[in-house]
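As a starting point, one isolated chain is supplied in structure tokens, in the form predicted alone.
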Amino acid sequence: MKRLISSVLLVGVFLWSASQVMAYKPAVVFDMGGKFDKSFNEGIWNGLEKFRKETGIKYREFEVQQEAQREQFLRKLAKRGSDPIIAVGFGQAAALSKVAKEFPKTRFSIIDMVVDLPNVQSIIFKEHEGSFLVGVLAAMKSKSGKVGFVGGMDIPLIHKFACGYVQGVKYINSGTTVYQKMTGTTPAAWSDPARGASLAKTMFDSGADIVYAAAGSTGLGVLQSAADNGKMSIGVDSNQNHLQPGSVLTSMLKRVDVAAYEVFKTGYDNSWKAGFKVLGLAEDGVGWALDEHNAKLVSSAMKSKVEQVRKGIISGSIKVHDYMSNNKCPVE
């Protein structure tokens, strides 16, 4: 009799778990550049794939090809009962603000922007802190005393990367020259590797020996140009060291994979909360990449220094200015 009761209980638990899995319908709207951009969107995808493999739960997805689709896709997913829904990128803020009001019982998370609504979770990062660290590494590695930065779309968020980078460079050597260029003023700036390569080549021809790219798939052109010209690059968002082994000095890690994974996980176990999440060095939300592909490029002295700086930023003894606090950078 006890075995029968135990068997019934086990079957009941199994059926409850199965029904819970079937009832959970998370979704994501990837932004311009596509989910396989080797950078920001792909970092999101990696986190969601981790959740899918761990739980067996599939998720719905759309990839934005034009701006009008942001609102269309978010609304379509909400109508289908998807919950929670991740809106990837600052560009989806306006669309999400509208759709989230239409579906107040649906949970939405946006990565890289703040939308202040009771059913929205806003996740932003301290990119300036991670960029400061790779700036330290660039200044220590540079032999010419000239480095560069290629940004994607000319917006405050990307200036935030640039400003943090410049501060890190100048922290090591105030005399280092930092060339800066943005790729464009429209979303197309995120997916133009040829333009990225051209901008980087101009910097290399001017004496720069390291260029940091914060430009989505446009940055792939920067990495390629560095490899082609015997120079070095710095990747962004995802670990891009493997894309041009031996040429990528490091990558500024922005742990959007962890953020995306946590949205689906907390949505599943009902611990998801609306409001704001800010992820920096202290939360392991940003950092720099060291692996077998760049180990020979980073000396012991560089590792020691960047770790010292990391601890200093976390403790507050080293202050890193956030460009978005006043749209100004204290150093250029």
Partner chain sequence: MNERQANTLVVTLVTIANLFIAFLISGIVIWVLGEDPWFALKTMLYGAFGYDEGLGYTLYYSTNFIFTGLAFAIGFNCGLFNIGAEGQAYIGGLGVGLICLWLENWPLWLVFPLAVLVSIIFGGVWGAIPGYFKAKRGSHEVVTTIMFNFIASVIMVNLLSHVLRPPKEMSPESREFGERVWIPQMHEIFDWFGLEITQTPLNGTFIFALVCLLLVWRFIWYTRWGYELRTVGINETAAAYAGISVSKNIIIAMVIGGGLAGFVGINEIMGSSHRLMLNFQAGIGFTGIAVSLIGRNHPLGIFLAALLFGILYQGGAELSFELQTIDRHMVVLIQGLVILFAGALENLFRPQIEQLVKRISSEDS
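None of these values were measured; they are calculated from a predicted model. Numbering follows the first chain given and starts at 1.
If you look for the form predicted in complex with its partner chain, you will not find it shown, but the lines that follow are about it.
- Contact check for residue 73: a heavy atom falls within 4.5 Å of its partner chain in the predicted complex.
- Proximity of residue 153 to its partner chain in the predicted complex: non-hydrogen atoms within 4.5 Å are present.
- Under a 4.5 angstroms non-hydrogen atom cutoff, its partner chain in the predicted complex has residue 32 among its neighbouring residues.
- In the predicted complex, at least one heavy atom of residue 112 sits within 4.5 Å of a heavy atom of its partner chain.
- Residues within 4.5 angstroms of its partner chain in the predicted complex, judged by any non-hydrogen atom, belong to 87-95 and to none of the other stretches in 138-146, 87-95, 194-202, 212-220.
- For the options 278, 295, 301, 68, the residue carrying a heavy atom within 4.5 angstroms of its partner chain in the predicted complex is 68.
- Looking at 313-332, the residues that come within 4.5 Å of its partner chain in the predicted complex, counting any heavy atom, are 324, 325, 327.
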